[in-house]
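Quick setup: one chain, the form predicted on its own, written in structure tokens, and binding and motion questions come after.
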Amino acid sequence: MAKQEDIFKNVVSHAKEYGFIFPSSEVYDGLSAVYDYAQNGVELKKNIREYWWKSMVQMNENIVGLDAAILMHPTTWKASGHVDAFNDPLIDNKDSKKRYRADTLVEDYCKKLEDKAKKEIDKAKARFGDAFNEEEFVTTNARVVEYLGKKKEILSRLAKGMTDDLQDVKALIEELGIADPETGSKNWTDVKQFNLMFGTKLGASAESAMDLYLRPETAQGIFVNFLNVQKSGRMKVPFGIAQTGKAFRNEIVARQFIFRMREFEQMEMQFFVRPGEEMKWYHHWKDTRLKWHLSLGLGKENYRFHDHEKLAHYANAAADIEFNFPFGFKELEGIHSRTDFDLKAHEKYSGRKLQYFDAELNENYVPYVVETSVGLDRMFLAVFATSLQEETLEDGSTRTVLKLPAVLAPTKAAVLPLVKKDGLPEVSRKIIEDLKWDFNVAYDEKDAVGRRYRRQDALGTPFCITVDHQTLEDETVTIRHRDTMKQDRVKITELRGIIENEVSMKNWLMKM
């Protein structure tokens, strides 16, 4: 566990030191759970967004894009259920005056049970080696059965309490002896619901201003525009509408860096289908979305599906793609079969029909919806944390390298003159002028070339191009590959093709 914490601290530290993510308003001591994407972070984030957009919109003839406004008519959120049901169960500690999500306290307790079970499994694995049968051990070892059985029972009681009576959740916390993580106090208040939406006003004066909300999700902007898009684009079911954009949630217990923030960005697609065909498309998008993640090469072992047993009131199937973050497996993307709940709710509250006429069936109906929704910030964290590695080299030295998928790297190549004289900077600048039309490239002439290599490794730059005196004679340069540190001598005219082969979205998406 300590090792995981150290890894996570390194991720946060590296993100700031190398210009990826800064705490927001840091000169004023920051703003909790709000972050700014710095000069390299904004490029990485943009590249992830574009990689998603190209695969989802450009590569699918029946999916189009949308950019709905953040501010929406307040009745939108009444129809969607957010006004009445978008709440977190909060509990205060009377001694520390700290506030926590009650369900998170219980889930953290269960995580400790899971860690205990994993410790037993790891010990047995080390003892028995290749002969170890993990599946059999998990079902027969008394301690593991006890830990996992207790975890399942607690989560079941938590789910029931969250639905039926929040006082049962408080009773569960007290029964388990859960203490304030910071002070150890067990002096708790009752559990109360807290609405997560940020409120704002629209209007010139307080008396006439309309109460609005900053949108807590991007999906509703798609639903209320369903008919506009369908008619103006002459779209035929099945078809999808994709959108990326900011959403806002007044998270009380925001933590784990950019994993859970108050201002975040989503990449969503709502796919409209015939009623009765939603499960076919649900399984299609589960499979397709996992392939998209795997195309980035972050390791198949770092992904798993978590199928929901308890479904939201609007869904008839739901699953999460979970990723192995430095703090364990957590939700990265959700795939949900939302039935026709959203469109029918907006029909009811707006008084307008949101139906599709299916010429093949010669009938009108409200389409069912299959949703894919991935957090862009979480995707950034997954890519960044997995890519950050410490390597021990053959000579015993170490290097910090950010092995970002080349297609996502903020800077594709750095051009380095060996020395700052003899015409080498001028040749280097000419190479940059040629490459920058197609790639984001950097120029670096400070320090010894070895230190410059290390700096670009830490920034995740896939290629370093070194211009030396031989370049002046035969127009060749040394190109160094970040991951292998291999160096090749190539002609300047070959650089574009070499870089393109490694960073092309087409080549990466073809892996799906």
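No experiment lies behind these values; they were computed from the predicted model shown. The first residue of the sequence shown is number 1, and the count goes up from there.
Not on display, but discussed next: the form predicted together with adenosine-5'-triphosphate.
Visitor: At the 4.5 Å heavy atom threshold, is residue 375 in contact with adenosine-5'-triphosphate in the predicted complex?
Guide: It does: once adenosine-5'-triphosphate is placed as it appears in the predicted complex, residue 375 has a heavy atom within 4.5 Å of it.
Visitor: Although adenosine-5'-triphosphate is absent from this view, report whether residue 74 comes within 4.5 Å of it in the predicted complex, heavy atoms only.
Guide: Residue 74: no contact with adenosine-5'-triphosphate in the predicted complex.
Visitor: Could you confirm whether residue 333 comes within 4.5 Å of adenosine-5'-triphosphate in the predicted complex, counting heavy atoms only?
Guide: Heavy-atom contact with adenosine-5'-triphosphate at 4.5 Å: present for residue 333.
Visitor: Quick one: is residue 259 in contact with adenosine-5'-triphosphate in the predicted complex, heavy atoms, 4.5 Å cut-off?
Guide: Close contact exists here: in the predicted complex, residue 259 approaches adenosine-5'-triphosphate to within 4.5 Å, heavy atoms only.
Visitor: With the partner removed from view, which of 146-154, 224-232, 325-333, 435-443 is the stretch that lies within 4.5 Å of adenosine-5'-triphosphate in the predicted complex, judged by heavy atom distances?
Guide: Going through the listed ranges, the match is 325-333.
Visitor: adenosine-5'-triphosphate isn't shown here, but in the predicted complex which of 289, 412, 346, 249 has a heavy atom within 4.5 Å of it?
Guide: Looking at the other structure, the residue within range turns out to be 249.
Visitor: Which listed residue (282, 213, 264, 384) meets the criterion of a heavy atom within 4.5 Å of adenosine-5'-triphosphate in the predicted complex?
Guide: Of the candidates 282, 213, 264, 384, 264 is the one lying within 4.5 Å of adenosine-5'-triphosphate in the predicted complex.
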